[in-house]
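Heads up, the chain below is alone and in the form predicted on its own; it's given as structure tokens.
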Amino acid sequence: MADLPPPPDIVRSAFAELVVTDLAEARRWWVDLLGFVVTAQDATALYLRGYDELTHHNLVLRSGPAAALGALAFRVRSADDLARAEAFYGALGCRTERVPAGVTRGIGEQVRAEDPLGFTVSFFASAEHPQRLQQRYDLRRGAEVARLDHFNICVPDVPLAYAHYSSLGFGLSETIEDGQTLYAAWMYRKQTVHDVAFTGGAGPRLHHLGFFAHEPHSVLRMCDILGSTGEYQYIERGPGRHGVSNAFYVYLRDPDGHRMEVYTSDYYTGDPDHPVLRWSVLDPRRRDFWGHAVVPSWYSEASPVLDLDGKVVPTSQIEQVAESTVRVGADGFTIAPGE
């Protein structure tokens, strides 16, 4: 990758597009229950954000025949970075396209690419700024989500994913590994633990979208709300404390099966000599600091990914060598004997 042209200057993970099969039900779940803010809507899409987000949206829900991930979107520093994105992905032999301003509501011109990992990624520099809601405490509901924080993706080749995002200028905060295998990595552009994480498994697939909340009570409140409404089946995992990232979390599944995380309590990674925290694959605290077991669906289920034509990208199975004392789960969160 040394001969590649300069990559786009990525600022942060910015929004994701999910295809949902029932837009009214998706609105009930994401807005009425979870408390996301509706910035805009039309007959086929909802544009949602958290209370801290100062650009148009963090999440687009589009109506479609089958649930899937449409795109992962990153904000870049300037309009010049759109041309850099085209050149960078073109040099990798990846298909790209220009998307005019406004095609995604509230977002300026985009460059979209089918990246080497099989995901559709989007880059944009400009966005509309809706009403500031950071101190509208009177409006907060549900999980009181502040902002989108990260994408967690399933890939069959973790070292390849690490090399690709390193070439894009991402820093490394934490890993799961042993003496011969990199099982998972957490990488960042903004000064938090991650903007993207990848774990080994059948892919490309979206494992989850991570949304930050300011207070631990937001995590617990969301569980109480779903318990009160009798919809506790949407709680997949947690509440708990991760070893990796130190996040206090809960994982929820929407009516289409898309997984999202509400979390708080990660940490600053902005120092130029930020040390990488490397977790042993044999340490059960890496997944849950309290040692709680992980439900089987965590390993086996994730959202399919669409290409630039809206077609499902075929998945490849995981191919990695693990120590004989380790059984590898579907997303690379490996299981040591006795767990």
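Keep in mind that this is a model prediction, so the values were computed, not measured. Counting begins at 1, following the sequence as shown.
Below, we turn to the form predicted together with another copy of the chain, even though it does not appear here.
- The contact residue chosen from T181, T96, S166, S265 relative to another copy of the chain in the model of the complex is S265, the criterion being a non-hydrogen atom within 4.5 angstroms.
- Only one of R112, H242, H208, R205 comes within 4.5 Å of another copy of the chain in the model of the complex through a heavy atom, and that residue is H242.
- Each of D52, R221 and G230 is positioned with at least one heavy atom within 4.5 Å of another copy of the chain in the model of the complex.
- In the model of the complex, another copy of the chain lies within 4.5 Å of some heavy atom of P284.
- When another copy of the chain is considered in the model of the complex, R62 lies well away from it, no heavy atom lying within 4.5 Å.
- The closest heavy atom approach of P216 to another copy of the chain in the model of the complex falls within 4.5 Å.
- Another copy of the chain is not shown here, and in the model of the complex it never comes within 4.5 Å of any heavy atom of R27.
- Comment: 72-80 is the region of 157-165, 112-120, 253-261, 72-80 lying near another copy of the chain in the model of the complex, near meaning a non-hydrogen atom within 4.5 Å.
- Taking another copy of the chain as positioned in the model of the complex, the residues of 262-281 that bring a heavy atom within 4.5 Å of it are, in sequence order, S265, D266, Y267, Y268, G270, D271, P272, D273, H274, P275, V276, L277, W279.
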